[in-house]
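Shown next as structure tokens: one chain only, the form predicted alone.
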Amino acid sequence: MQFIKTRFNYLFNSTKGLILVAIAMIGMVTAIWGMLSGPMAEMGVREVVIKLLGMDIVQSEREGRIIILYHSIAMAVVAIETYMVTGLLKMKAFFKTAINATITVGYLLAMVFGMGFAYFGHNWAFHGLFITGLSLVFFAGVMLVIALWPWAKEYRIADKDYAHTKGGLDLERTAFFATALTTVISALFGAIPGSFYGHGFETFLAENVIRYPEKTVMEYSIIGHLHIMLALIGIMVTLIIGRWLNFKGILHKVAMPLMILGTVVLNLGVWGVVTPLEPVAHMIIYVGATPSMFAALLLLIWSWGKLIREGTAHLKKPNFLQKLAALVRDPLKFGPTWQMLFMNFTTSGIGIFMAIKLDEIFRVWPAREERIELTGHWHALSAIIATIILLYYGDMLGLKGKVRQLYGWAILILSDIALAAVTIFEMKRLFISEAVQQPLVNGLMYAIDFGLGMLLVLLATVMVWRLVDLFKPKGRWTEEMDHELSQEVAK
């Protein structure tokens, strides 16, 4: 009994344990349900998995299944970010415990019973538990907003290295607060239309209605919900990485107000989509996205400068190659900001280009091609956020030496191969005609499958290693638990 108690305490009462469980759950869902994808169907794998697991698949219900799948994974990602926030920022012990416990129960209920309802027969009690899970995640978000309240006296700061007002208001904490608050509000953009099921609202995928000349308010709401939630997850992970790397100095003082401004304006633009302001809402969104992206760029500049300075401190006049070697010396510290830069070539830049040339180029393409670009854009951004989380998690585990190098570079190289291939596949109609595209498409599919497949193998290897470690009486997990307890005492 003590064996189970101590390990349960580690898995569900420590930041690293909670993140481990959530990553393992996402990994299992991604690996199993990835077998149902188009390329797997072409190889006959899809039908084998469906029969082996006894899934109940009805083609007319595809949209509903996919939406539940997305929400199941998204809730776990939101939970991981929440664990990181409660671990990195000061807050009352009660809030940390209550938030972590509530969101853990919430995402597990949503994932287990949501997937059970969607893919294994429609047991409506499961659907009720899925909704209960989503509600608990929402409630955890409300508690996080309260816990992050930056105007409390105990969270005032006076350190000149960090962004704050004359009164001591911590602007970095305010940025976390603004992101958490707008996330909770924007979650309602999906919840309200969902509450109208059976009363004028039907399930749909955003990419399927993009060319409809007229859309209902609820359809706009769902499309806005999809975009803003993904953007806010990205903003939160940027703030988390900045906190982890100890972002400070003049660039920090410039970046934090920009991040707050960008987050608020971006949300106002998305919320405006369902109001009479809809014709100008996208312009407001562009205006809001710019400060947030510039703040992320400032983090990148500061981080790379710090890595180069630390790596060349023993040299009087380092040359370009020595600076480059210092920059890439630690893939876990270099990787997150590199992924943010790489994102501009695979998602952000492509999205802006598509918006600017929408009527001139993309609306001339067949609808299927625009649909491919949209789905690729959203999935690529999600994948990049996932890799950034995995890189930070590797550092949390204390990986060192060759293992640290192998883990970090494998994530970067494998994910970037897949994402580069996805980007070329999305935009292929710019430089190749449909009549001669098949050899290129085949090669791109191999690159995507290889990159993502090997990334899952790497993740599975880490999960097996952690599982084996859990069975050791004095494994790494005991050191992590003791270290976290000592940190809590220090606070």
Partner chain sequence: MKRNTLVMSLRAKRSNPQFSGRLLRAVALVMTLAILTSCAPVDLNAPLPAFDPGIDPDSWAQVPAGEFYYGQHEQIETTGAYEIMVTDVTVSQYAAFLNAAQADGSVKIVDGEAVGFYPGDVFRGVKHEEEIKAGDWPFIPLDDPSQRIRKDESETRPYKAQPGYENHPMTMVSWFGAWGYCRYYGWRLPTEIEWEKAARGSDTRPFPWGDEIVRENANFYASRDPFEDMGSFGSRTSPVGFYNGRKYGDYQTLDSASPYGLYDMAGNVWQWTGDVYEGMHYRFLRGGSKDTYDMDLRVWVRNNATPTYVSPGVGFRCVR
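None of these values were measured; they are calculated from a predicted model. Numbering follows the first chain given and starts at 1.
The next section is about a form of this same protein that is not shown, the form predicted together with the partner chain.
Student: Is there any non-hydrogen atom of residue 382 lying within 4.5 Å of the partner chain in the model of the complex?
Tutor: Looking in the model of the complex, residue contacts with the partner chain do not include residue 382, since no heavy atom lies within 4.5 Å.
Student: Against the partner chain in the model of the complex, would residue 46 count as a contact residue? Criterion: heavy atoms within 4.5 Å.
Tutor: Yes, residue 46 lies within 4.5 Å of the partner chain in the model of the complex.
Student: Report whether the minimum heavy atom distance between residue 202 and the partner chain in the model of the complex is within 4.5 Å.
Tutor: Heavy-atom contact with the partner chain at 4.5 Å: present for residue 202.
Student: In the model of the complex, does residue 154 come within 4.5 Å of the partner chain, counting heavy atoms only?
Tutor: Residue 154: no contact with the partner chain in the model of the complex.
Student: So the partner chain isn't shown here. In the model of the complex, which residue out of 457, 440, 52, 31 has a non-hydrogen atom within 4.5 Å of it?
Tutor: Contact residue from the list: 440.
Student: Just give me the single entry in 248, 371, 227, 306 that has a non-hydrogen atom within 4.5 angstroms of the partner chain in the model of the complex.
Tutor: Of the candidates 248, 371, 227, 306, 371 is the one lying within 4.5 Å of the partner chain in the model of the complex.
Student: In the model of the complex, does each of 366, 403 and 446 have a heavy atom within 4.5 Å of the partner chain?
Tutor: Yes: each residue has a heavy atom within 4.5 Å of the partner.
Student: Specify the contacting stretch among 137-145, 156-164, 98-106, 354-362, defined as having any heavy atom within 4.5 Å of the partner chain in the model of the complex.
Tutor: Among the candidates, contact is made by 354-362.
Student: Between 19-47 and the partner chain in the model of the complex, list the residues on our side with a heavy atom within 4.5 Å.
Tutor: Stretch hits, in order: 38, 39, 41, 42, 43, 44, 46.
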